[in-house]
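Shown next as C-alpha coordinates: one chain only, the form predicted on its own.
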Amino acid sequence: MGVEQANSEAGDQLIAAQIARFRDVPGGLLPLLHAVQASLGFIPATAVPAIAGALGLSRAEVHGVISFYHDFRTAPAGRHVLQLCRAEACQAMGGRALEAHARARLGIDYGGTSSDGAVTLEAVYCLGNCACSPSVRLDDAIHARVDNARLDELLAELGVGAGE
(Lines give C-alpha, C1' and ligand atoms only; values in the text may rest on other atoms or scores of the structure.)
Protein backbone atom coordinates (compact mmCIF):
# COMPACT_ATOMS: atom_id res chain seq x y z
CA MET A 1 0.00 0.00 0.00
CA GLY A 2 1.43 3.37 -1.04
CA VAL A 3 1.64 6.43 1.22
CA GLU A 4 -1.03 8.25 -0.77
CA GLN A 5 -3.45 5.33 -0.46
CA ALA A 6 -2.76 5.04 3.28
CA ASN A 7 -3.37 8.79 3.69
CA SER A 8 -6.61 8.45 1.72
CA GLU A 9 -7.80 5.55 3.85
CA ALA A 10 -6.90 7.39 7.07
CA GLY A 11 -8.77 10.44 5.76
CA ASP A 12 -11.79 8.30 4.91
CA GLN A 13 -11.76 6.88 8.44
CA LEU A 14 -11.57 10.38 9.96
CA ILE A 15 -14.45 11.54 7.79
CA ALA A 16 -16.53 8.48 8.73
CA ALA A 17 -15.86 9.12 12.43
CA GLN A 18 -16.96 12.75 12.11
CA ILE A 19 -20.07 11.75 10.19
CA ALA A 20 -20.98 9.29 12.94
CA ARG A 21 -20.42 12.01 15.52
CA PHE A 22 -22.68 14.60 13.85
CA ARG A 23 -25.17 12.45 11.89
CA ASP A 24 -27.98 12.84 14.42
CA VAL A 25 -27.19 16.37 15.58
CA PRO A 26 -29.84 18.86 14.43
CA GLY A 27 -28.11 21.38 12.15
CA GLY A 28 -25.02 19.17 12.19
CA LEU A 29 -23.70 20.08 8.75
CA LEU A 30 -21.58 23.07 9.79
CA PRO A 31 -20.10 21.40 12.88
CA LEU A 32 -19.39 18.31 10.77
CA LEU A 33 -17.63 20.34 8.08
CA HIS A 34 -15.59 22.21 10.68
CA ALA A 35 -14.61 18.91 12.32
CA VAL A 36 -13.53 17.37 9.00
CA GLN A 37 -11.46 20.43 8.17
CA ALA A 38 -9.92 20.47 11.66
CA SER A 39 -8.97 16.80 11.22
CA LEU A 40 -7.65 16.94 7.66
CA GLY A 41 -6.88 20.61 7.09
CA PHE A 42 -9.44 20.76 4.26
CA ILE A 43 -12.65 19.13 3.07
CA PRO A 44 -11.90 16.73 0.23
CA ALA A 45 -14.39 16.50 -2.62
CA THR A 46 -14.65 12.78 -1.94
CA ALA A 47 -16.24 13.59 1.44
CA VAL A 48 -19.21 15.43 -0.06
CA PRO A 49 -21.25 12.38 -1.18
CA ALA A 50 -20.76 10.61 2.16
CA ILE A 51 -21.71 13.71 4.14
CA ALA A 52 -24.73 14.39 1.94
CA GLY A 53 -25.99 10.82 2.21
CA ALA A 54 -25.55 10.66 5.97
CA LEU A 55 -27.38 13.93 6.58
CA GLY A 56 -30.12 13.41 4.00
CA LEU A 57 -28.94 16.33 1.90
CA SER A 58 -28.09 16.66 -1.76
CA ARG A 59 -24.48 16.90 -2.85
CA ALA A 60 -25.30 20.37 -4.18
CA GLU A 61 -26.49 21.49 -0.75
CA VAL A 62 -23.29 20.32 0.93
CA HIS A 63 -21.09 21.78 -1.80
CA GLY A 64 -23.07 25.04 -1.59
CA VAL A 65 -22.29 25.40 2.10
CA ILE A 66 -18.62 24.56 1.58
CA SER A 67 -18.26 27.08 -1.24
CA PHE A 68 -20.27 29.79 0.53
CA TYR A 69 -18.14 30.00 3.66
CA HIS A 70 -14.64 31.37 3.16
CA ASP A 71 -13.27 29.40 6.10
CA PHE A 72 -13.69 26.07 4.34
CA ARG A 73 -10.90 24.78 2.10
CA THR A 74 -11.31 22.17 -0.61
CA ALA A 75 -7.57 21.65 -1.00
CA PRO A 76 -4.76 21.44 1.51
CA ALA A 77 -3.38 24.78 2.67
CA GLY A 78 0.27 25.70 2.49
CA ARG A 79 2.56 25.17 5.44
CA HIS A 80 1.61 28.69 6.56
CA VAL A 81 -1.63 30.63 6.14
CA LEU A 82 -1.50 34.38 5.64
CA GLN A 83 -4.81 36.16 6.14
CA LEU A 84 -5.09 39.79 5.10
CA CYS A 85 -7.87 41.87 6.59
CA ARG A 86 -10.05 43.48 3.93
CA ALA A 87 -12.41 45.33 6.27
CA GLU A 88 -12.92 49.07 5.90
CA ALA A 89 -10.52 50.17 8.65
CA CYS A 90 -7.65 48.17 7.20
CA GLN A 91 -8.48 49.30 3.67
CA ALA A 92 -8.43 52.92 4.80
CA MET A 93 -5.00 52.49 6.39
CA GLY A 94 -3.17 50.97 3.44
CA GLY A 95 -4.65 47.49 3.23
CA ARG A 96 -5.10 47.60 -0.55
CA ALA A 97 -1.43 48.38 -1.15
CA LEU A 98 -0.51 45.61 1.28
CA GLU A 99 -2.76 43.17 -0.61
CA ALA A 100 -1.11 44.06 -3.91
CA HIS A 101 2.32 43.64 -2.38
CA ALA A 102 1.45 40.26 -0.83
CA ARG A 103 -0.04 38.92 -4.08
CA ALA A 104 3.00 40.06 -6.05
CA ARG A 105 5.50 38.83 -3.44
CA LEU A 106 3.91 35.38 -3.25
CA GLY A 107 2.87 35.15 -6.89
CA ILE A 108 -0.69 34.14 -5.98
CA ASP A 109 -4.14 35.58 -5.48
CA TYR A 110 -6.59 35.01 -2.64
CA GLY A 111 -7.32 31.33 -2.21
CA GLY A 112 -4.02 30.34 -3.79
CA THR A 113 -0.96 28.63 -2.42
CA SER A 114 2.55 29.64 -3.41
CA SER A 115 4.23 27.31 -5.89
CA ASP A 116 6.60 26.02 -3.19
CA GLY A 117 3.64 25.13 -0.94
CA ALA A 118 4.84 27.53 1.74
CA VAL A 119 1.97 30.04 2.01
CA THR A 120 -1.76 30.08 1.34
CA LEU A 121 -3.20 33.59 0.99
CA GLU A 122 -6.68 34.24 2.34
CA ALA A 123 -8.93 37.26 2.66
CA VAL A 124 -10.68 37.90 5.98
CA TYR A 125 -13.12 40.64 6.75
CA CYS A 126 -12.15 41.61 10.26
CA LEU A 127 -9.51 40.48 12.68
CA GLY A 128 -10.85 42.67 15.47
CA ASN A 129 -7.74 44.82 15.41
CA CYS A 130 -9.20 47.86 13.67
CA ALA A 131 -7.39 50.47 15.78
CA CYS A 132 -4.07 49.02 14.60
CA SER A 133 -4.76 48.71 10.88
CA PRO A 134 -3.79 47.19 8.58
CA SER A 135 -3.67 43.84 10.30
CA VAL A 136 -2.78 40.35 9.16
CA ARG A 137 -2.91 36.91 10.72
CA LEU A 138 0.01 34.66 9.94
CA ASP A 139 -0.80 31.17 11.12
CA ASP A 140 -2.19 31.82 14.62
CA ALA A 141 -0.58 35.21 15.30
CA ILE A 142 -2.18 38.57 14.56
CA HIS A 143 0.17 41.37 13.54
CA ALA A 144 -0.78 45.06 13.64
CA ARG A 145 0.17 48.08 11.56
CA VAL A 146 1.68 45.88 8.88
CA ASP A 147 3.22 47.60 5.90
CA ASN A 148 5.06 46.04 2.95
CA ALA A 149 8.40 45.98 4.76
CA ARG A 150 6.90 44.35 7.87
CA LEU A 151 5.13 41.73 5.76
CA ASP A 152 8.44 40.92 4.08
CA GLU A 153 10.04 40.56 7.54
CA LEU A 154 7.31 38.21 8.72
CA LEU A 155 7.68 36.04 5.64
CA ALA A 156 11.47 36.07 5.95
CA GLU A 157 11.19 34.91 9.57
CA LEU A 158 9.40 31.84 8.23
CA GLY A 159 12.06 31.34 5.60
CA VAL A 160 9.55 31.99 2.84
CA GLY A 161 11.41 32.80 -0.32
CA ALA A 162 14.64 31.48 1.17
CA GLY A 163 14.00 27.78 0.67
CA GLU A 164 12.07 27.48 3.96
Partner chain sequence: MSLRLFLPRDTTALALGADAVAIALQRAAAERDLPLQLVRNGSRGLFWLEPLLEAEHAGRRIAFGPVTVAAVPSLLEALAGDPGAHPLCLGATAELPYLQSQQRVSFARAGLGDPLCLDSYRSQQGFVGLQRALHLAPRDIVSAVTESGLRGRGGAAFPAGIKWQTVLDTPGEQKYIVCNADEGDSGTFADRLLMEADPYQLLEGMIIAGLAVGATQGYIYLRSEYPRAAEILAQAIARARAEHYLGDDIRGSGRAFELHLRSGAGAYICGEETALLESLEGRRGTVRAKPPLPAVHGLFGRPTVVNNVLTLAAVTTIMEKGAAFYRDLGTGRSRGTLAVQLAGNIRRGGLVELAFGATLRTLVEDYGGGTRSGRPVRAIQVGGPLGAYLPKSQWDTPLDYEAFAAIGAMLGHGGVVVFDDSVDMAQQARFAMEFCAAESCGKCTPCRIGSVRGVEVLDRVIARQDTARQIDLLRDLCGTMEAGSLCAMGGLTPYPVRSALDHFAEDFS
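Positions refer to the first chain, counted from 1. Since we're looking at a predicted model, the values are computed, not measured.
The form predicted in complex with the partner chain is left out here; the points below concern that form.
- Checking 112, 41, 53, 31 against the partner chain in the predicted bound form, a heavy atom within 4.5 Å turns up for just one residue: 31.
- Here the marked residues 25, 89 and 124 all reach the partner chain in the predicted bound form, each with a heavy atom within 4.5 angstroms.
- Residue 45 falls outside the set of residues with a heavy atom inside 4.5 Å of the partner chain in the predicted bound form.
- Residue contact with the partner chain in the predicted bound form: residue 145 places a heavy atom within 4.5 Å of it.
- Although the partner is absent from this view, residue 64 contacts the partner chain in the predicted bound form, with a non-hydrogen atom inside 4.5 angstroms.
- Using a 4.5 Å cutoff between non-hydrogen atoms, residue 133 counts as a contact of the partner chain in the predicted bound form.
- Annotation for 53-75: interface residues with the partner chain in the predicted bound form are 64, 65, 67, 68, 69, 70, 71, 72 [heavy atom within 4.5 Å].
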